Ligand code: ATP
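Take a look at this single chain in C-alpha coordinates; it is the form predicted alone.
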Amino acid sequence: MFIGIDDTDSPNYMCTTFLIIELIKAFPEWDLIGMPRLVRLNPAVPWKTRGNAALAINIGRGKGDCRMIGMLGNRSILSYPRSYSEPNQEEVLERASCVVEKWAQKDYSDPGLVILSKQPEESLYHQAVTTILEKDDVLRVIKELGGDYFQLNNGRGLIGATSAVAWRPKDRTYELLTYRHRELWGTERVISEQEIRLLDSRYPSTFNNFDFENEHPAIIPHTNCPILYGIRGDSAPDLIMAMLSIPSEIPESWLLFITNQGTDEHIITDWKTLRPFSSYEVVGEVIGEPWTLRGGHVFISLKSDNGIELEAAAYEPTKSFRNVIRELRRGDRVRVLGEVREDYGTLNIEKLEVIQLAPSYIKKSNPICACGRYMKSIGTNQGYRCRVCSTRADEAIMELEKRSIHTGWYEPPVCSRRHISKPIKRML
(Lines give C-alpha, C1' and ligand atoms only; values in the text may rest on other atoms or scores of the structure.)
Protein backbone atom coordinates (compact mmCIF):
# COMPACT_ATOMS: atom_id res chain seq x y z
CA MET A 1 0.00 0.00 0.00
CA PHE A 2 1.59 3.27 -1.15
CA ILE A 3 1.35 6.42 0.95
CA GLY A 4 2.33 9.68 -0.74
CA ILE A 5 2.53 13.10 0.92
CA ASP A 6 3.53 16.57 -0.20
CA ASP A 7 3.38 20.26 0.74
CA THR A 8 3.34 20.04 4.53
CA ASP A 9 6.17 22.44 5.42
CA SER A 10 6.69 26.19 5.52
CA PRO A 11 9.55 28.37 4.27
CA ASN A 12 11.27 28.29 7.69
CA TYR A 13 9.84 25.35 9.62
CA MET A 14 9.09 21.64 9.40
CA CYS A 15 10.13 19.28 6.60
CA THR A 16 7.92 16.86 4.70
CA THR A 17 10.55 14.14 5.11
CA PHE A 18 9.95 14.26 8.87
CA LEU A 19 6.39 13.09 8.29
CA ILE A 20 7.82 9.84 6.90
CA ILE A 21 9.33 9.22 10.33
CA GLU A 22 5.94 9.90 11.89
CA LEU A 23 4.20 7.62 9.38
CA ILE A 24 6.59 4.80 10.26
CA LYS A 25 5.67 5.34 13.91
CA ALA A 26 1.96 5.29 12.99
CA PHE A 27 2.21 1.80 11.42
CA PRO A 28 4.38 -0.22 13.84
CA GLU A 29 2.80 -3.54 12.86
CA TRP A 30 3.55 -3.09 9.14
CA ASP A 31 6.85 -3.24 7.28
CA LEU A 32 8.48 -0.91 4.79
CA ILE A 33 8.54 -2.40 1.29
CA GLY A 34 11.47 -0.93 -0.57
CA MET A 35 13.01 2.36 0.52
CA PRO A 36 11.21 5.60 1.32
CA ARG A 37 11.12 7.86 -1.74
CA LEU A 38 12.28 11.48 -1.76
CA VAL A 39 11.24 12.77 -5.17
CA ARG A 40 12.13 16.25 -6.39
CA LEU A 41 9.60 17.57 -8.86
CA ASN A 42 9.65 20.49 -11.31
CA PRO A 43 11.90 23.14 -9.68
CA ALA A 44 10.26 25.84 -11.82
CA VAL A 45 6.86 25.44 -10.11
CA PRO A 46 6.07 28.96 -8.83
CA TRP A 47 4.26 27.90 -5.63
CA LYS A 48 6.88 25.50 -4.27
CA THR A 49 7.80 25.98 -0.60
CA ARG A 50 11.54 25.24 -0.79
CA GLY A 51 12.98 22.32 -2.75
CA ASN A 52 9.69 20.98 -4.17
CA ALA A 53 10.16 17.50 -2.71
CA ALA A 54 7.38 14.94 -2.45
CA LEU A 55 7.60 11.77 -0.35
CA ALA A 56 6.22 8.26 -0.54
CA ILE A 57 6.50 4.93 1.26
CA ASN A 58 5.13 1.47 0.56
CA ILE A 59 3.95 -0.61 3.53
CA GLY A 60 2.87 -4.23 3.77
CA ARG A 61 3.88 -7.55 5.26
CA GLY A 62 7.54 -7.90 4.40
CA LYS A 63 8.94 -10.88 2.53
CA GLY A 64 12.54 -11.73 1.60
CA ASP A 65 15.85 -10.62 3.07
CA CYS A 66 15.49 -7.33 4.91
CA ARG A 67 18.11 -4.65 5.45
CA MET A 68 18.43 -1.88 7.98
CA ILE A 69 17.87 1.57 6.46
CA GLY A 70 17.49 3.66 9.60
CA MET A 71 17.00 3.96 13.33
CA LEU A 72 14.00 5.25 15.24
CA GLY A 73 15.31 5.79 18.75
CA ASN A 74 16.63 2.35 19.66
CA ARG A 75 14.50 0.57 17.05
CA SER A 76 15.93 -0.50 13.70
CA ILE A 77 13.98 0.51 10.61
CA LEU A 78 13.98 -2.42 8.18
CA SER A 79 13.21 -2.54 4.48
CA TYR A 80 11.93 -5.62 2.63
CA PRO A 81 12.17 -6.27 -1.11
CA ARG A 82 8.55 -7.39 -1.52
CA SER A 83 5.27 -7.94 0.30
CA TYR A 84 2.82 -10.82 0.62
CA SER A 85 -0.09 -8.83 2.09
CA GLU A 86 -1.16 -5.23 2.58
CA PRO A 87 -3.15 -3.25 5.14
CA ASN A 88 -6.71 -2.03 4.81
CA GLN A 89 -6.87 1.08 2.66
CA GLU A 90 -9.42 2.93 4.77
CA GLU A 91 -7.48 2.29 7.95
CA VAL A 92 -4.27 3.52 6.32
CA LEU A 93 -6.02 6.72 5.24
CA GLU A 94 -7.39 7.31 8.73
CA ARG A 95 -4.04 6.88 10.50
CA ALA A 96 -1.97 8.71 7.89
CA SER A 97 -4.35 11.68 7.74
CA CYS A 98 -3.95 12.11 11.51
CA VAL A 99 -0.19 12.45 10.98
CA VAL A 100 -0.66 15.07 8.28
CA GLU A 101 -3.26 16.94 10.34
CA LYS A 102 -0.91 17.07 13.33
CA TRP A 103 2.32 18.16 11.61
CA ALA A 104 1.41 20.04 8.42
CA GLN A 105 2.02 23.79 8.44
CA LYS A 106 -1.48 24.64 7.34
CA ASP A 107 -0.97 28.41 7.36
CA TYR A 108 1.74 28.12 4.70
CA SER A 109 0.97 24.99 2.72
CA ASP A 110 -1.69 23.02 0.86
CA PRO A 111 -1.06 19.48 2.13
CA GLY A 112 -2.00 16.41 0.15
CA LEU A 113 -2.01 12.72 1.15
CA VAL A 114 -2.75 9.87 -1.24
CA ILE A 115 -3.28 6.15 -0.54
CA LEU A 116 -2.87 3.79 -3.50
CA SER A 117 -2.59 0.02 -3.83
CA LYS A 118 -1.19 0.42 -7.36
CA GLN A 119 1.31 2.80 -8.87
CA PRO A 120 0.09 5.33 -11.44
CA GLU A 121 1.65 5.29 -14.89
CA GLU A 122 5.24 6.52 -14.91
CA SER A 123 4.24 9.28 -17.34
CA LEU A 124 2.55 11.09 -14.46
CA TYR A 125 5.91 11.52 -12.74
CA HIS A 126 7.54 12.73 -15.95
CA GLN A 127 4.85 15.36 -16.37
CA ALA A 128 5.26 16.50 -12.77
CA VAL A 129 9.04 16.78 -12.99
CA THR A 130 9.12 18.66 -16.32
CA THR A 131 5.86 20.63 -16.60
CA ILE A 132 2.91 21.93 -14.59
CA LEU A 133 0.34 19.29 -13.66
CA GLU A 134 -3.24 20.17 -12.80
CA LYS A 135 -4.83 18.81 -9.65
CA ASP A 136 -7.91 17.58 -11.54
CA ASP A 137 -5.69 15.33 -13.68
CA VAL A 138 -4.26 13.75 -10.55
CA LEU A 139 -7.65 13.29 -8.91
CA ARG A 140 -8.80 11.46 -12.03
CA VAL A 141 -5.83 9.08 -11.75
CA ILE A 142 -6.50 8.43 -8.05
CA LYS A 143 -10.12 7.61 -8.83
CA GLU A 144 -9.22 5.30 -11.73
CA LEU A 145 -6.84 3.36 -9.48
CA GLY A 146 -9.38 3.07 -6.67
CA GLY A 147 -7.26 5.12 -4.27
CA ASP A 148 -8.16 7.46 -1.40
CA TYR A 149 -6.86 10.88 -0.51
CA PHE A 150 -6.90 13.53 2.17
CA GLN A 151 -6.23 17.22 1.69
CA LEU A 152 -6.04 20.48 3.61
CA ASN A 153 -6.67 23.94 2.16
CA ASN A 154 -6.68 23.59 -1.64
CA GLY A 155 -4.83 20.26 -1.48
CA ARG A 156 -2.30 21.09 -4.19
CA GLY A 157 0.07 18.68 -2.47
CA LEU A 158 -1.92 15.81 -3.98
CA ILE A 159 -0.09 16.47 -7.26
CA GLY A 160 3.33 15.85 -5.77
CA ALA A 161 2.15 13.03 -3.50
CA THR A 162 0.71 11.03 -6.40
CA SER A 163 3.70 11.78 -8.63
CA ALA A 164 6.11 10.49 -5.96
CA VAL A 165 4.25 7.17 -5.96
CA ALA A 166 4.40 7.09 -9.78
CA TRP A 167 8.21 7.46 -9.88
CA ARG A 168 10.15 4.38 -11.08
CA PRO A 169 13.80 4.84 -10.03
CA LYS A 170 16.23 4.53 -12.93
CA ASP A 171 19.12 6.93 -12.46
CA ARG A 172 18.83 7.22 -8.71
CA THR A 173 20.79 8.58 -5.78
CA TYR A 174 20.36 8.28 -2.01
CA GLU A 175 20.06 10.68 0.88
CA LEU A 176 20.60 9.88 4.53
CA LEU A 177 18.73 12.30 6.76
CA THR A 178 19.30 12.63 10.50
CA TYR A 179 16.63 14.14 12.76
CA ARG A 180 17.04 16.10 15.98
CA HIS A 181 15.44 15.47 19.35
CA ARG A 182 12.26 17.51 19.65
CA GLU A 183 13.57 19.71 22.48
CA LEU A 184 16.46 20.88 20.25
CA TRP A 185 14.39 22.13 17.32
CA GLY A 186 15.11 25.77 16.67
CA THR A 187 18.41 25.78 18.59
CA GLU A 188 21.88 25.95 17.08
CA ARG A 189 22.96 22.64 15.58
CA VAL A 190 26.03 20.98 17.11
CA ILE A 191 28.02 19.36 14.32
CA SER A 192 31.65 19.30 13.23
CA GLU A 193 32.06 21.55 10.21
CA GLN A 194 35.64 20.36 9.80
CA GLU A 195 34.50 16.77 9.29
CA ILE A 196 31.93 17.90 6.71
CA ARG A 197 34.76 19.52 4.75
CA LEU A 198 36.40 16.08 4.48
CA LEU A 199 33.38 14.14 3.22
CA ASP A 200 34.10 14.59 -0.50
CA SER A 201 37.64 13.25 -0.18
CA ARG A 202 36.83 10.48 2.31
CA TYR A 203 33.66 9.32 0.55
CA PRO A 204 33.94 10.15 -3.18
CA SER A 205 30.51 8.65 -3.89
CA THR A 206 28.90 11.53 -1.93
CA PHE A 207 28.26 14.95 -3.43
CA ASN A 208 27.23 18.53 -2.61
CA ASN A 209 28.62 18.33 0.93
CA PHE A 210 30.54 21.57 1.41
CA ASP A 211 30.62 24.83 -0.54
CA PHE A 212 34.33 25.70 -0.45
CA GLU A 213 33.82 28.92 -2.40
CA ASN A 214 31.39 30.31 0.16
CA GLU A 215 32.79 28.38 3.16
CA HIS A 216 29.41 26.84 3.92
CA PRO A 217 28.44 23.29 4.99
CA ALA A 218 25.70 22.47 2.47
CA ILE A 219 24.43 19.38 4.30
CA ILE A 220 23.10 21.49 7.22
CA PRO A 221 19.70 23.16 6.77
CA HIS A 222 19.42 26.90 7.37
CA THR A 223 15.83 26.68 8.67
CA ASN A 224 14.34 25.69 12.04
CA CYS A 225 13.35 22.28 10.75
CA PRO A 226 13.74 18.88 12.49
CA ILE A 227 16.70 17.84 10.31
CA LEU A 228 20.18 17.82 11.79
CA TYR A 229 21.90 17.18 8.45
CA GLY A 230 21.47 15.23 5.23
CA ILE A 231 24.18 13.54 3.12
CA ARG A 232 23.64 12.69 -0.55
CA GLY A 233 25.44 10.17 -2.68
CA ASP A 234 25.44 7.22 -5.06
CA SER A 235 26.10 4.54 -2.44
CA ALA A 236 23.73 3.89 0.46
CA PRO A 237 26.37 2.01 2.53
CA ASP A 238 28.82 4.90 2.04
CA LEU A 239 26.21 7.32 3.39
CA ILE A 240 25.94 5.31 6.59
CA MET A 241 29.72 5.28 6.97
CA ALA A 242 29.83 9.02 6.28
CA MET A 243 27.20 9.62 8.98
CA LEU A 244 29.20 7.64 11.51
CA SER A 245 32.29 9.75 10.72
CA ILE A 246 30.67 13.07 11.66
CA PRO A 247 30.86 14.14 15.33
CA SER A 248 27.58 15.86 16.23
CA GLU A 249 24.76 16.03 18.69
CA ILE A 250 23.08 12.62 18.97
CA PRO A 251 20.25 12.31 16.43
CA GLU A 252 16.86 11.12 17.61
CA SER A 253 16.53 9.08 14.40
CA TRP A 254 17.97 8.64 10.92
CA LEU A 255 16.64 7.25 7.67
CA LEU A 256 17.86 6.43 4.16
CA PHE A 257 15.82 7.61 1.17
CA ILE A 258 16.07 6.67 -2.48
CA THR A 259 15.86 9.86 -4.54
CA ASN A 260 15.97 11.45 -7.99
CA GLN A 261 18.27 14.18 -6.69
CA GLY A 262 21.27 14.93 -8.85
CA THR A 263 19.76 13.27 -11.94
CA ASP A 264 18.70 16.17 -14.24
CA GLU A 265 15.39 14.40 -14.81
CA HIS A 266 13.69 17.81 -14.96
CA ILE A 267 15.56 18.72 -18.15
CA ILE A 268 13.69 18.52 -21.49
CA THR A 269 16.12 17.63 -24.29
CA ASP A 270 13.73 17.10 -27.22
CA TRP A 271 11.80 20.32 -27.81
CA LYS A 272 10.53 22.65 -30.53
CA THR A 273 9.52 25.65 -28.42
CA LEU A 274 10.61 26.90 -25.00
CA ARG A 275 7.85 27.42 -22.46
CA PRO A 276 7.98 29.10 -19.05
CA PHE A 277 7.97 26.89 -15.92
CA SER A 278 10.02 24.15 -17.60
CA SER A 279 13.75 23.44 -17.89
CA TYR A 280 15.61 22.67 -21.10
CA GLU A 281 18.88 21.66 -22.69
CA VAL A 282 19.78 24.18 -25.38
CA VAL A 283 22.68 23.53 -27.75
CA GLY A 284 23.75 26.39 -29.95
CA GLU A 285 26.05 29.30 -30.66
CA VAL A 286 26.81 32.46 -28.73
CA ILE A 287 25.73 35.36 -30.97
CA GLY A 288 26.69 38.34 -28.83
CA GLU A 289 29.18 39.46 -26.25
CA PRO A 290 28.17 38.94 -22.56
CA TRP A 291 26.75 41.90 -20.65
CA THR A 292 26.09 42.58 -16.97
CA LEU A 293 23.02 44.21 -15.46
CA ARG A 294 22.72 46.04 -12.16
CA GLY A 295 22.91 43.53 -9.33
CA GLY A 296 25.60 41.50 -11.05
CA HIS A 297 23.43 39.32 -13.30
CA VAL A 298 25.32 38.24 -16.44
CA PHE A 299 23.56 37.60 -19.77
CA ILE A 300 24.46 36.10 -23.13
CA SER A 301 22.54 35.78 -26.40
CA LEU A 302 22.25 32.35 -28.01
CA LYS A 303 20.99 30.86 -31.24
CA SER A 304 19.94 27.24 -30.80
CA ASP A 305 20.60 24.55 -33.38
CA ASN A 306 16.92 24.67 -34.36
CA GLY A 307 17.11 28.39 -35.06
CA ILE A 308 15.57 29.91 -31.93
CA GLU A 309 17.28 32.98 -30.48
CA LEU A 310 17.12 33.57 -26.74
CA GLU A 311 18.89 35.14 -23.81
CA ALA A 312 20.43 33.09 -21.02
CA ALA A 313 21.46 34.42 -17.61
CA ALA A 314 23.67 33.56 -14.68
CA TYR A 315 22.23 35.42 -11.71
CA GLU A 316 24.13 36.97 -8.83
CA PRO A 317 23.64 34.03 -6.40
CA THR A 318 25.70 31.81 -8.72
CA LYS A 319 28.78 33.86 -7.69
CA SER A 320 31.96 32.83 -9.56
CA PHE A 321 29.98 30.87 -12.15
CA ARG A 322 29.16 34.26 -13.69
CA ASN A 323 32.82 34.66 -14.64
CA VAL A 324 32.50 31.67 -16.95
CA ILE A 325 29.62 33.39 -18.75
CA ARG A 326 31.63 36.62 -18.95
CA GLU A 327 34.41 34.73 -20.75
CA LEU A 328 32.19 33.47 -23.57
CA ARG A 329 32.63 35.06 -26.98
CA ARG A 330 30.65 35.35 -30.19
CA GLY A 331 30.87 32.09 -32.11
CA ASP A 332 31.48 29.83 -29.12
CA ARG A 333 29.43 26.64 -29.21
CA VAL A 334 27.76 25.73 -25.92
CA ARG A 335 25.25 23.44 -24.24
CA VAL A 336 23.15 25.28 -21.66
CA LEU A 337 20.79 23.66 -19.13
CA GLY A 338 18.28 25.74 -17.22
CA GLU A 339 14.78 26.96 -16.50
CA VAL A 340 12.84 29.33 -18.72
CA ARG A 341 11.62 32.23 -16.59
CA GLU A 342 8.09 33.54 -16.98
CA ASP A 343 8.95 37.24 -16.58
CA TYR A 344 11.47 37.79 -19.39
CA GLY A 345 11.61 34.39 -21.11
CA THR A 346 15.30 34.09 -20.28
CA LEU A 347 16.98 30.77 -19.63
CA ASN A 348 18.19 30.64 -16.02
CA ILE A 349 21.49 28.78 -16.42
CA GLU A 350 21.96 25.82 -14.05
CA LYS A 351 24.94 24.29 -15.80
CA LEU A 352 26.91 24.87 -19.01
CA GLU A 353 29.17 22.89 -21.31
CA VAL A 354 31.60 24.71 -23.58
CA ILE A 355 31.62 22.48 -26.66
CA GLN A 356 33.91 24.53 -28.88
CA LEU A 357 35.72 27.84 -28.52
CA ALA A 358 35.72 30.21 -31.49
CA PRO A 359 38.85 32.23 -32.31
CA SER A 360 38.60 35.59 -30.57
CA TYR A 361 40.76 38.58 -31.36
CA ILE A 362 41.49 41.63 -29.26
CA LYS A 363 43.07 44.93 -30.21
CA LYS A 364 46.82 45.04 -29.77
CA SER A 365 47.43 48.57 -31.02
CA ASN A 366 46.47 51.19 -33.58
CA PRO A 367 47.83 50.47 -37.07
CA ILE A 368 51.37 51.63 -37.89
CA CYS A 369 51.84 53.96 -40.86
CA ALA A 370 54.53 53.36 -43.52
CA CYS A 371 56.28 56.39 -42.13
CA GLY A 372 56.70 54.58 -38.83
CA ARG A 373 54.11 56.44 -36.73
CA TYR A 374 50.99 55.04 -35.05
CA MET A 375 47.80 56.18 -36.71
CA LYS A 376 44.99 57.86 -34.79
CA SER A 377 41.34 56.89 -34.75
CA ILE A 378 39.14 59.08 -36.94
CA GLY A 379 35.98 58.10 -35.07
CA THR A 380 33.80 55.13 -34.25
CA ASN A 381 33.85 52.64 -37.15
CA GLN A 382 35.58 55.20 -39.39
CA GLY A 383 39.07 53.72 -39.37
CA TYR A 384 42.47 55.31 -38.67
CA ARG A 385 44.66 58.04 -40.24
CA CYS A 386 48.25 59.13 -39.93
CA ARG A 387 48.43 62.74 -38.75
CA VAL A 388 51.66 63.32 -40.67
CA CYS A 389 51.09 61.82 -44.12
CA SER A 390 47.30 61.23 -43.96
CA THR A 391 47.66 57.53 -44.86
CA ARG A 392 44.52 55.66 -43.84
CA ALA A 393 43.79 52.15 -42.53
CA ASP A 394 40.52 50.41 -41.80
CA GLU A 395 41.45 48.18 -38.88
CA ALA A 396 43.65 48.12 -35.80
CA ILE A 397 46.37 45.54 -35.26
CA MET A 398 44.69 42.51 -33.64
CA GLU A 399 46.02 39.51 -31.73
CA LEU A 400 44.49 36.21 -30.74
CA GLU A 401 42.89 36.46 -27.30
CA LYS A 402 44.21 34.11 -24.62
CA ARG A 403 41.02 32.54 -23.23
CA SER A 404 40.75 31.69 -19.54
CA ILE A 405 38.08 29.05 -20.14
CA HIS A 406 38.35 25.75 -21.99
CA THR A 407 36.01 23.13 -23.37
CA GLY A 408 34.12 21.12 -20.74
CA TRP A 409 31.41 21.46 -18.12
CA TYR A 410 30.96 24.31 -15.64
CA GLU A 411 28.53 24.58 -12.72
CA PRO A 412 27.72 27.06 -9.92
CA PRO A 413 29.10 26.58 -6.39
CA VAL A 414 27.38 23.94 -4.26
CA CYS A 415 24.98 26.26 -2.42
CA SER A 416 23.66 27.64 -5.72
CA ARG A 417 22.76 24.26 -7.22
CA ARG A 418 19.27 22.85 -7.40
CA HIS A 419 18.61 19.57 -5.60
CA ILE A 420 17.66 17.79 -8.81
CA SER A 421 20.50 19.20 -10.93
CA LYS A 422 23.13 16.58 -11.73
CA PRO A 423 26.55 17.61 -10.32
CA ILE A 424 29.40 17.38 -12.76
CA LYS A 425 31.13 14.75 -10.61
CA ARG A 426 28.23 12.38 -11.42
CA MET A 427 28.72 13.01 -15.15
CA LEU A 428 32.41 12.14 -15.36
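The numbering used is simple: start at 1 and walk along the sequence shown. Computed from a predicted structure; not experimentally measured.
Only in words, not in the display: the form predicted together with this ligand, which the text now covers.
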Quick one: find which of 149 to 157, 93 to 101, 212 to 220, 189 to 197 has residues within 4.5 Å of this ligand in the predicted complex by heavy atom distance.
149 to 157
With a cut-off of 4.5 Å between heavy atoms, is residue 40 one of the residues that contacts this ligand in the predicted complex?
yes
Residue-level question: is residue 375 within 4.5 Å of this ligand in the predicted complex, judged on heavy atoms?
no
I'd like to know if residue 411 sits close to this ligand in the predicted complex, meaning any non-hydrogen atom pair within 4.5 angstroms.
no
Residue 47 near this ligand in the predicted complex, any heavy atom under 4.5 Å?
yes
Of 239, 312, 328, 128, the only residue with a heavy atom within 4.5 Å of this ligand in the predicted complex is 128
For a quick check, can you give me the residues of 50 to 65 that have a heavy atom within 4.5 Å of this ligand in the predicted complex?
50, 51, 52, 53
